[in-house]
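Take a look at this single chain, the form predicted on its own, given in structure tokens.
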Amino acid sequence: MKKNLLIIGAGGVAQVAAYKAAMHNDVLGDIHIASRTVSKCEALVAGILEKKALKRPGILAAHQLDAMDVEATKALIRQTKSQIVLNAGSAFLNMSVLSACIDMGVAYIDTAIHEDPKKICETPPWYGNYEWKRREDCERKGVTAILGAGFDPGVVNAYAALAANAYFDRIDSIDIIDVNAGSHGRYFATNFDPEINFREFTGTVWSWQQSQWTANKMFEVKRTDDLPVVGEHTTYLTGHDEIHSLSANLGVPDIRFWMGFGEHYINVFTVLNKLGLLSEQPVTTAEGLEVVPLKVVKAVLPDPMSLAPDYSGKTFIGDLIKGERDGIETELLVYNISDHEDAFAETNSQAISYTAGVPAIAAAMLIAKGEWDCHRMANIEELPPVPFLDLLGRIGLPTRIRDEKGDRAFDPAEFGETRQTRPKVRQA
């Protein structure tokens, strides 16, 4: 059993994680929140206390931390006696925080793949460029490091593992579909850190097709689906984190990620991009000031956390999986629907942050209970999916299943027995 959680970050995902951790501090123990700006952490603590979200009396504290400083992070882990660290901050921090956790022998969780601020859309597989290089260190020291424990990556990986382990005999394709059918009422904004958001779409779109990496341009390939609850939406082929582990772990020839965009977003994005305002490379102004255009755009756009009070509508995220079961061509849709207003009522956040923050806390709870304390580095699909999806349903993110039997709530009993007719995902 592991106790005491250190959450690094104070943005939207960290906020949801902090609220949810407080609601389950009987399992997680002391809750500590740390970021470069301690006032943001203190505001989170105040909000949690105002909502009386702590399940039982306990420590809920704010700390100042530059998480790029490995030694400072190690010192805070030591000071707080944290045995689980969640990096809910920038993806630029992953390797620094992971290093501190390995040195301290404590569990590590993140919600997105590591990024180098100076590089965009590196050569696949992205995990192989950074996190997977520390696999042997984790295994040698018995450190649990769970990568990509948000929704996508994260829950969608668990959906894929569920299908591979307990539903299909052979999987031919996995199409991950992410649609935000909500509205925040602003002229233009991103739902999470603009710097990270834009970096996903300004480089090469990498997908896994015919068992090899395939390159496309953003907005070059699209599809239209009639989805449960949110209806018909057009989505675009996009590069994304989970493809880079699923392609290595599942043996599926086609794995693609599709994200929904409105025409207005595409138009604004295209103008910004063509003007060079989304570049991560510094430029010098006529006055001799060196600036990074992408950081300037980030500075003038609304803070994603500020969108939450006015957000309405729902999100859809799911896996459309095709393959063979008992000799018959079969299609399975595994998905979640979340509501922006419900997320705000519970955690003062919008549903995009909610869907990323809740799974990270579910992962922390499973580590604390020992079910996911695997003592090595693992992507979500390498861990047992049923307890994860079951727990998610109980703490705010219910899963639904649609196949030839109809559309129904996920029932752990239905997937309790794994099928033995095909190789399974490697699991801890």
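Position 1 is the first residue in the sequence shown; the rest follow in order. Here the structure is a predicted model, which is why all the values come from computation and not from measurement.
Beyond the structure shown, there is the form predicted in complex with a further copy of the same chain, which is absent from this document and is the topic of what follows.
S.K.: Heavy atoms within 4.5 Å of a further copy of the same chain in the predicted complex: which stretch in 159-167, 94-102, 292-300, 223-231 meets that?
M.R.: Flagged stretch: 292-300.
S.K.: If the cut-off is 4.5 angstroms on heavy atoms, which of these, Ala248, Leu272, Leu320, Ala72, is the one near a further copy of the same chain in the predicted complex?
M.R.: By the 4.5 Å criterion, the partner-contacting residue is Leu272.
S.K.: Look up in the predicted complex whether Gln210 has a non-hydrogen atom within 4.5 angstroms of a further copy of the same chain, and give yes or no.
M.R.: Because no heavy atom of Gln210 falls inside 4.5 Å of a further copy of the same chain in the predicted complex, the answer is no.
S.K.: Residue-level contact is defined here as any heavy atom of the residue lying within 4.5 Å of a further copy of the same chain in the predicted complex; does Ala286 satisfy this criterion?
M.R.: Result yes; Ala286 sits at the interface with a further copy of the same chain in the predicted complex.
S.K.: Though only this chain appears here, would Phe188 touch a further copy of the same chain in the predicted complex if you measure heavy atom gaps against 4.5 Å?
M.R.: Answer yes; at least one heavy atom of Phe188 falls within 4.5 Å of a further copy of the same chain in the predicted complex.
S.K.: Would Pro117 sit within 4.5 Å of a further copy of the same chain in the predicted complex, counting heavy atoms only?
M.R.: Pro117: no, not in contact with a further copy of the same chain in the predicted complex.
S.K.: What are the residues of 369-407, in order along the chain, with a heavy atom within 4.5 Å of a further copy of the same chain in the predicted complex?
M.R.: Nothing in the stretch sits within 4.5 Å of the partner.
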